[in-house]
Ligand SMILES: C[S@@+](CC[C@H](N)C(=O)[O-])C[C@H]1O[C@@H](n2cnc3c(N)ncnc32)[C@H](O)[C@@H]1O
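First comes one chain, alone, set out as structure tokens in the form predicted alone.
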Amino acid sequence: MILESTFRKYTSLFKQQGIPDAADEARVLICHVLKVDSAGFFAMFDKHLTDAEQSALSALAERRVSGEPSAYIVGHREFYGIDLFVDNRVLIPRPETELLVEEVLEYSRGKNAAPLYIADVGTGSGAIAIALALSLTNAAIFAIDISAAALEVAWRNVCRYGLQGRISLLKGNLLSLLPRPVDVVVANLPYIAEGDLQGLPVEVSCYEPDIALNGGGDGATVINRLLRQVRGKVNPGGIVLLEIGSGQQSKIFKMVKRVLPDSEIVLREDLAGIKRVVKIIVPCL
């Protein structure tokens, strides 16, 4: 079977199974089997797949249909133009989380070449920390996670990009072990209410780590803990950036005003129109 027919076959299969972005999912698995990138994929539509390639692809497609995310199957995911190693020890980076990176870069533009200290809390695969380190040569970044297993994945990605001297990995609970005040805290913490976890798609609820998803009874338990640690950890005029879930903005707004009453709060929407990022501006003294 030629590549074009194979692509159509698996796109159709994934559509029948209700898998979103079926064509992209098929392309990712085919590229993995053939060891080509997207450009190579489209350049070889008339290639005949060998029996071994067809067998390997069939096995991967079976795993995807069973619910296993393609990022875990192929072992990597792109984030902010960076290819990252991922497995089921970490949350799969999402496009909406790139908003956090963009907000930090926007903040940095007013700082000239001054050293910038950043804490990436709940670093997981290290996606945010690595994207920022590659974009900001003046930044020193503390990448923090409570999960030792997640930090193993982050370390692999840090080493891949030669950032060992710029990113410090810390195993700890939120900001508790931060060795110095920072200018930016950026955090993609668990924000799904515990009671809603079972209603998530199977590729999330059964494969991605619960510790990266479970935000407690109201979905904001971990965020609340972080906010209560901010005083003394963020320099005056610094910012705290939080990714939040759909419909959580009012709850988080009240939480921030209770814990950091003098701060300024700005909300940013993602491409779906969901208020996705909360920016908290710490007042200057």
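All figures in this text were calculated on a predicted structure; none of them were measured in a lab. Position 1 is the first residue in the sequence shown; the rest follow in order.
Absent from the display: the form predicted together with the named molecule. The rest refers to it.
Q: Among 147, 88, 205, 108, which has any heavy atom within 4.5 Å of the named molecule in the model of the complex?
A: Contact with the named molecule in the model of the complex is made by 147 alone.
Q: If the cut-off is 4.5 angstroms on heavy atoms, which of these, 199, 162, 115, 172, is the one near the named molecule in the model of the complex?
A: Result of the distance check: 172.
Q: Taking heavy atoms and a 4.5 Å cut-off, does residue 189 contact the named molecule in the model of the complex?
A: Yes.
Q: With the partner left out of view, is residue 128 within 4.5 angstroms of the named molecule in the model of the complex by any non-hydrogen atom?
A: Yes, residue 128 lies within 4.5 Å of the named molecule in the model of the complex.
Q: Answer with yes or no whether residue 222 is in contact with the named molecule in the model of the complex, where contact means some heavy atom within 4.5 Å.
A: Although the named molecule is absent here, residue 222 would touch it in the model of the complex, with heavy atoms inside 4.5 Å.
Q: Heavy atoms within 4.5 Å of the named molecule in the model of the complex: does residue 134 have any?
A: The answer is no: residue 134 has no heavy atom within 4.5 Å of the named molecule.
Q: Where does the named molecule sit in the model of the complex: which of 177-185, 134-142, 68-76, 115-123, heavy atoms within 4.5 Å?
A: That would be 115-123.
Q: Quick one: 93, 97 and 212 and the named molecule in the model of the complex, is every residue within 4.5 Å by at least one heavy atom?
A: Answer is yes for this spot.
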